[in-house]
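Consider the single chain below, provided in structure tokens and representing the form predicted alone.
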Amino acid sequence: MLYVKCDQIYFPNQIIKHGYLEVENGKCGRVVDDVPLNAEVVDYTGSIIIPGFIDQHIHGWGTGSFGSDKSIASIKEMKKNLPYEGVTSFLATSGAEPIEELIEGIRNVSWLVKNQKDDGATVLGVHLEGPFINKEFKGMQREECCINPNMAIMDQLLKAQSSPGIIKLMTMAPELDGAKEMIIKCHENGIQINIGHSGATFECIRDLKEYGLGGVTHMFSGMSGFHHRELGVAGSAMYFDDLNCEFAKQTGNTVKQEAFAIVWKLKNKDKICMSTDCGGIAQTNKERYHYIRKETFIPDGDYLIIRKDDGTETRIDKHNYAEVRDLELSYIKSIRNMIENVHPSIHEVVKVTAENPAKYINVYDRKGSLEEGKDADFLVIDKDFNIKVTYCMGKPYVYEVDYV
């Protein structure tokens, strides 16, 4: 038994406890006032303990990328790197890709869900961001892989699971032909549905919502925007109280901070989930142009060349985490930007990073809070949200150099 001492341990329902959090066999126990003589104690007095972040939308991070390489080894690299950024569990997220690649990814995630040990962040399952999305709102998705809902293809994807529940979330465009039947099928199989890469109208969403539309993917991006005569996907997400708004990393570029602040004011905090939508840029296996960053990513064996529009180039070792970790905004840095923008309470941060995602993808029985019997996934942070140590299933992870 390990005893984790802290004077600010955050629990649901506005509860803050102080004392010793019991951790045994990767699980949380009670918070007690005293410990046995000679007990193993780690003292974080003066720090803050919150549940670990859950990223329901992440294609890749650091030295691993499910988007570029669906191998078990690639997903393990994500698992290894993510705790340093505060992420203790995640959904390996695909894009609109060839069906055989999606099947391979589902099979490999299925194996990992069954066989993963105390080796970093927990992979909870798969988020399919496609293939049933609207090519007119494809963003950086592959147009040739954006297709209408197809029951035979969905059956193949479901069959690729080693057991039900590996596919936990799917992003789709509900305006496409066959969408209603697909929504019903996914709902019957326990798959949460997000609206994304979609030009759906308010009326379309209103009419299909009851069949299992749960929320939207990367709010404002890849969707029809708000207009006073046609609310589109963005306006519908703000209007309907029961639709969840997922936000990607808070760079201030893809979505202006003021736009995020509007939704923060409008929505119940139970209906916002933070994610990163990171891609593991360094691991790209083909030349890609990023139209927002104005950079071209060029794979070069074990290296990545980054060419800016002005012609300047940088060459980095794609297997060196210290070199690749700042190519994208991490979860913890995104949250620090969010805090600076909307000034949430710590309990509100916990809601949008842990509690809400866990409930949304149906893992709240074991993730998302530090209640007794749940997985011991938590962050030890200072008042400025710098991470001192991340615990995944009771095992500590500390980055070798100063975080900032």
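These numbers come from a predicted model, not from an experiment. So that there is no doubt, residue numbering starts at 1 and follows the sequence shown.
Missing here is the form predicted together with a further copy of the same chain; even so, the following discussion is about that form.
Within 4.5 Å of any heavy atom of a further copy of the same chain in the model of the complex lies no heavy atom of G139. Within 4.5 Å of any heavy atom of a further copy of the same chain in the model of the complex lies no heavy atom of A160.
The closest heavy atom approach of L112 to a further copy of the same chain in the model of the complex falls outside 4.5 Å. F220 belongs to the set of residues with a heavy atom inside 4.5 Å of a further copy of the same chain in the model of the complex.
Exactly one of the stretches 226-234, 119-127, 312-320, 142-150 approaches a further copy of the same chain in the model of the complex with heavy atoms within 4.5 Å, and it is 226-234. None of I72, I298, A259, I99 but one reaches within 4.5 angstroms of a further copy of the same chain in the model of the complex through a heavy atom, and that residue is A259. Taking a further copy of the same chain as it sits in the model of the complex, the stretch 238-267 comes within 4.5 angstroms of it through a non-hydrogen atom at M238, Y239, D241, N253, T254, V255, K256, E258, A259, A261, I262, K265, L266.
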